[in-house]
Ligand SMILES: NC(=O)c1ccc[n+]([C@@H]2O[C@H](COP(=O)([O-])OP(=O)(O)OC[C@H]3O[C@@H](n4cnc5c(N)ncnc54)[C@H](O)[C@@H]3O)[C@@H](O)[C@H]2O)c1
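Below you will find one chain, with nothing else, as structure tokens; this is the form predicted on its own, and questions on how it binds or moves follow later.
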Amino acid sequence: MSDRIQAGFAVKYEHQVHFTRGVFRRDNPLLAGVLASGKAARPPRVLLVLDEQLANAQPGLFSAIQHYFAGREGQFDLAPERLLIPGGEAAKNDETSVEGLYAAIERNGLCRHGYVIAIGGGALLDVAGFAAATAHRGIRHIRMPSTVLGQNDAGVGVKNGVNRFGKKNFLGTFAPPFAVINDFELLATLPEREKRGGYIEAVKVALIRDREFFERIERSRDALRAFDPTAMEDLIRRCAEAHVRHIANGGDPFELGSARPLDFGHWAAHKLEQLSGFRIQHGEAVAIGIALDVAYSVLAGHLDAVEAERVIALIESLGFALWAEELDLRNADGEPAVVAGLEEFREHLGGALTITLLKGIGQGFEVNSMDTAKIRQALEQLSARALKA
């Protein structure tokens, strides 16, 4: 004999990603319109969180923000305090980053109808998003990515996370931001290494979903390598659109299953970042991870070698290395240390191991096991190619 009450319910989310230039110009109405759309009972308090590197590179940014809000007095309440957090993976590794944000949210009296506006790279957005999603069980969060990787991938997703126990995103939430605002002018002072790092996420999306997009990247490879703004903006927009469509139409926006196709190449990338002590940036690790899985796809009989050569040649032509010294590391059993990334990837998702591989450009598919002997072969091929280069 049992008794039960059961009810199903759905929660509707709106995921808005805007593209603009000069978001803090006094005559640009975008941010004010986004903030007003929250329909708060009184002028909402706004707390700013800035990437320290961005603030140093663009010293006039905070002044522009102050003037923007000063011209809208009575509509919004800009908190007198601003937070500067060092960008990069260090922010996600440092427990004091999140604690400092919690303290600032409390100190500045933000309620659930207030806004945390985070301006910076993907790591900073992850930290700020995690704090906003968990303070008061959720404060409105607006992301303003200042890197290519942030604008086309990390910043337009619905995940937030910080690193613990040496593992990527061990703590995190699924919490869509109130809005994402991509201001292309924020990229102006970005170092070339970080501009390039975001390209690989567009290559990734194209490989698993959109052959025409891949060919478009191939055609513009020279312009992208020269960091032509028009080519970069086109790549960002197309990649962000593909990402948002996957979230909205993929059937599993909060990753309740075991599949994660948008993490193609990431099982090895996340482990490689860890093995390097995060010396290797995320985009650089993903480039190697994709090359590894492309080589593996050929060895496993899924992908034509000619197609694989196109992919790896494009990755190289965009300026990415295909090898890192950490790939030479071995565990106690003599296996490449990076192979441990498979189990960590499975553990992070739960359920069965699910890895995306390629059977053609624009055609990703899933497998539930990988042959470590073939992984070693793929690594040997990448090593030989890197030495030859």
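Numbering starts at 1 and follows the sequence shown. These figures come from a predicted structure and were not determined experimentally.
Although not depicted, the form predicted in complex with this ligand is the subject of the following passage.
Participant: So in the model of the complex, are 51, 54 and 149 all sitting within 4.5 Å of this ligand, heavy atoms only?
Facilitator: Every listed residue reaches this ligand in the model of the complex, so yes.
Participant: Between 276, 317, 75, 189, only one gets a heavy atom within 4.5 angstroms of this ligand in the model of the complex; which residue is that?
Facilitator: Selected residue: 189.
Participant: In the model of the complex, which of the stretches 289-297, 119-127, 228-236, 98-106 has residues with heavy atoms within 4.5 Å of this ligand?
Facilitator: It is the stretch 119-127.
Participant: Would residue 141 show up as a contact with this ligand in the model of the complex if we use heavy atoms at 4.5 Å?
Facilitator: Flag for residue 141 set to no.
Participant: Taking heavy atoms only, is residue 176 within 4.5 angstroms of this ligand in the model of the complex?
Facilitator: Residue-level check for residue 176: no, no contact with this ligand.
Participant: Can you tell me whether residue 159 touches this ligand? I mean in the model of the complex, with a 4.5 angstroms heavy atom cut-off.
Facilitator: Yes.
Participant: In the model of the complex, does residue 87 come within 4.5 Å of this ligand, counting heavy atoms only?
Facilitator: Yes, contact at 4.5 Å.
Participant: Can you name the residues of 161-176 that have a non-hydrogen atom within 4.5 angstroms of this ligand in the model of the complex?
Facilitator: Result: 168, 169.
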